[in-house]
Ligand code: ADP
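Below sits a lone chain in structure tokens, taken as the form predicted alone.
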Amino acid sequence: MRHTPDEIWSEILENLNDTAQQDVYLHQVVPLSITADALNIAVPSAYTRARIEERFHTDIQRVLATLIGAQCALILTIDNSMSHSNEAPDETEIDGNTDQPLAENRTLTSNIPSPLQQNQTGLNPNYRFDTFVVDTPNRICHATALAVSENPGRDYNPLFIYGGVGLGKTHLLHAIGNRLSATQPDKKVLYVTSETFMNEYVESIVNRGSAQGFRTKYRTADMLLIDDIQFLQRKEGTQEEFFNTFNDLHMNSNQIVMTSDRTPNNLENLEVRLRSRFQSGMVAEIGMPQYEMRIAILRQKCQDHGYNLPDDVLSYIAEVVETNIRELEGTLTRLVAQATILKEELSLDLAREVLNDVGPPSPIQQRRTATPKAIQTVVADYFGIDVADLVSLKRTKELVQPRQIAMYMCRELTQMSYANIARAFNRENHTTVIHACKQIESMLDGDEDEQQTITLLLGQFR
């Protein structure tokens, strides 16, 4: 092999978009080995592995196919011996007072390239209208997005696309930008996530000389595409800056397109004036894919990646995975990778064997097998901590949330009382468990990532 695992991983990072290149989870990876069939990388915990798989697996697999070949699969191995100091730092927010010292933001180190220095659109060229599968649940949203790409700044400005996780919101966002860039290359198109916008805003304050560059970058765009706008909630300083950016762009008839996991009205922790502006244009919902649409999506992905799967295998995947497109694509990639590694034919029997853990278990099945000890073990393994620490009286930050999740799961998966759950966690007072359950329930109402985490953990019990 001409390349070492480290060299391959470096090339993969270089070929990802700017946001992915700076993602802290990807920089925790330790490449282990590379063959013609697989790239094996180590991560410190199941939590990190889940984040990488959810956010970047498809893009990494695409780059890997270019570098090595379509048969080369990405394998993520958990190594609990990797230092916990490499775990992702907490994301903090600043307020609108730019005169205060920003000690909490000193994690912005000089060895990370400044996003303000990038002169790229941030668009993924693989996300186009011709690779987007249209069906009843997304037809209106697709038509509106297409109209915006052809006549930006006119009828639907702003365009606000909302829907659940993995339904194609990001795909449409990139497709709009890619079409405008192709048809009107003189137009300045800019795609960012709300997290990137926030981080660049923070950096513009830390490095005061870059404040003007930040405003110029965003306020001179002919089209601003911003993903996951819901993450600006509770970020007062960033909301103020985005409000001013929005006004400048809208006043100059420059197109603004946003995505969110909920309607503007349901962004309760966003300023009223922002919610009002988001609703002033077109609000379009993207719905859950129906069975026929899931089949069409799988066939499109097979065509894109050169996979050759029998119809009965595609039908089985479409029946098993009903939640979203991202999970559908991930399941397809996983099946092809397993077949390649095992050197077996892609048959229905193999699909059933490989995908036997896909799909939600019934509550009756959950209660038959879930025990406090089993739940504690699964949660501890997922977060890369010891069970002894999980049930201890320690209250360090890395233990509190996993402990609360484990308590919540005991309540959801078993018929135990609050008092019995408390005793299973060496607690004398059952109010601790009640508080933990309320904390997790509150988090599930607004945190998309935590919803996915807990759904994944609950799915371990059948």
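Don't overthink the numbering: it's just position in the shown sequence, from 1. Here the structure is a predicted model, which means the values were calculated and not measured.
The next section is about a form of this same protein that is not shown, the form predicted in complex with this ligand.
For the options M223, V192, A380, I297, the residue carrying a heavy atom within 4.5 angstroms of this ligand in the model of the complex is I297. Shown without its partner, this chain lists I75, V206, V165, A374 as candidates; in the model of the complex, only V165 has a non-hydrogen atom within 4.5 angstroms of this ligand. Comparing 157 to 165, 348 to 356, 212 to 220, 271 to 279 against this ligand in the model of the complex, the single stretch with non-hydrogen atoms within 4.5 angstroms of it is 157 to 165.
By the criterion of a heavy atom within 4.5 Å, I176 is excluded from the residues contacting this ligand in the model of the complex.
Within 4.5 Å of any heavy atom of this ligand in the model of the complex lies no heavy atom of F242.
Proximity of Q255 to this ligand in the model of the complex falls outside the 4.5 Å heavy atom cutoff. Contact between K235 and this ligand in the model of the complex is not found at the 4.5 Å heavy atom cutoff. Contact annotation for 287 to 313: residues with any non-hydrogen atom within 4.5 angstroms of this ligand in the model of the complex are M293, I297, K301, listed in sequence order.
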